[in-house]
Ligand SMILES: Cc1ncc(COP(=O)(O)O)c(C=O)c1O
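For reference, the chain that follows is the form predicted alone, supplied as structure tokens.
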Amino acid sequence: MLTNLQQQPADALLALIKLHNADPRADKIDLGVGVYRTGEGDTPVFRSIKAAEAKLVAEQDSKAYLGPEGDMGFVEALMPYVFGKDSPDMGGRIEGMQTPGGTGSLRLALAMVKRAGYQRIIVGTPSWPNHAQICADLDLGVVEFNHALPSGHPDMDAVRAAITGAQEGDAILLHGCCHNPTGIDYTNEQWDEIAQRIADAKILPILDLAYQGLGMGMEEDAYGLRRVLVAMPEALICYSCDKNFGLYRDRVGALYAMVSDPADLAKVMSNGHNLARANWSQPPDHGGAAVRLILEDEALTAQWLAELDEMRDRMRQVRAKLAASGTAGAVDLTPMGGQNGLFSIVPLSKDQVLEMREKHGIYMAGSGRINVAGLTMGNIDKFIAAVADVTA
């Protein structure tokens, strides 16, 4: 029977990694893999994580099961950063659980809305490819709207039309900050409008906050999420620590549910636990425990936030350099200065992306998406010149 399975296409990004690794050119540039890199091209373990892991090794006295909810100390320690220090549980209306990374959180959230009777997810495109892939696997319909304009600004007319056209049984999936893959975020004023329109349409928001702290700052990057929550009776929040704690391979995430009546929380979370048990039983402990130790220790928290500042400042310097270069061939790079996070899209055709790779040793996704953290002060001029060359 296994022979009835159909061959699936290889993951394009994994194939790109292999091509880059096999390239013998010393000046090749990897702009495909979605991890942070230092100015030297490294993806180091945070110093604060190293300190927390040392403490964990010294003090942890058991590897016994925690249950499908995971490390609740980790889940609760994150809440003031996600929801605000004054009322992190929104008056007893929010509860969470640990998940295997942001992907696990999204999988759980979408499975919960499917079980609750939702039928369609409204998603701005382009979006992170796994959004649509998870929806397809769960047999949830996807309603697309255009996320951004060629000018590098959000397409507010498109999001307005998508919300206005929503039907009963629809939910909307929104990136909280540092939009993947465009880097184009809503302004605070636009978030204010979106929050009110979602509330008026009475649709469920699913907020994907995978890059908090990598855009403008921890508080600034939470504005949109918090504004939506104030306007809504219910919401699901998908969170990832993989990027802002550098815990990519440890898979550290959380799912939070907000309900209108605190009495409903136990029922909602019981479904989360039930679905988690059927999918992965319980999440891996080590990375979540390390985050908990950081957030419980004032000195480690300060060290972590300082490291996050270093990351954000470096990416802003790269973006400023790209913007200052102006037009490279037929491509205007100035909008990248106002974008946020790891990613931006360079408007190149597939043939031009291939030429970037074959002629210049610059590896990027076929869509033109680049990881700006792959650029350094040592290779950015080469990148700008290559864009000018292939679009001349």
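Start at 1 and count along the sequence shown; that's the residue number. Values in this document were obtained by computation on a predicted structure and should not be read as measured data.
This next part talks about the form predicted in complex with this ligand, which is not shown.
For the candidate set W191, W128, Y118, F83, a heavy atom within 4.5 Å of this ligand in the predicted complex is found for exactly one residue, namely W128. Among the residues H286, R251, K114, K321, the one placing a heavy atom within 4.5 Å of this ligand in the predicted complex is R251. Only one listed stretch (99 to 107, 260 to 268, 304 to 312, 150 to 158) carries heavy atoms within 4.5 Å of this ligand in the predicted complex, and that stretch is 99 to 107.
Although the partner is absent here, R292 lies well away from this ligand in the predicted complex, with no heavy atom inside 4.5 Å. Taking the partner from elsewhere, Y186 is found to have every heavy atom lying beyond 4.5 Å of this ligand in the predicted complex.
The closest non-hydrogen atom of D242 lies within 4.5 Å of this ligand in the predicted complex.
Within this chain, F74 is remote from the site of this ligand in the predicted complex, having no heavy atom within 4.5 Å. Using a 4.5 Å heavy atom cutoff, H175, N180 and D208 all lie near this ligand in the predicted complex.
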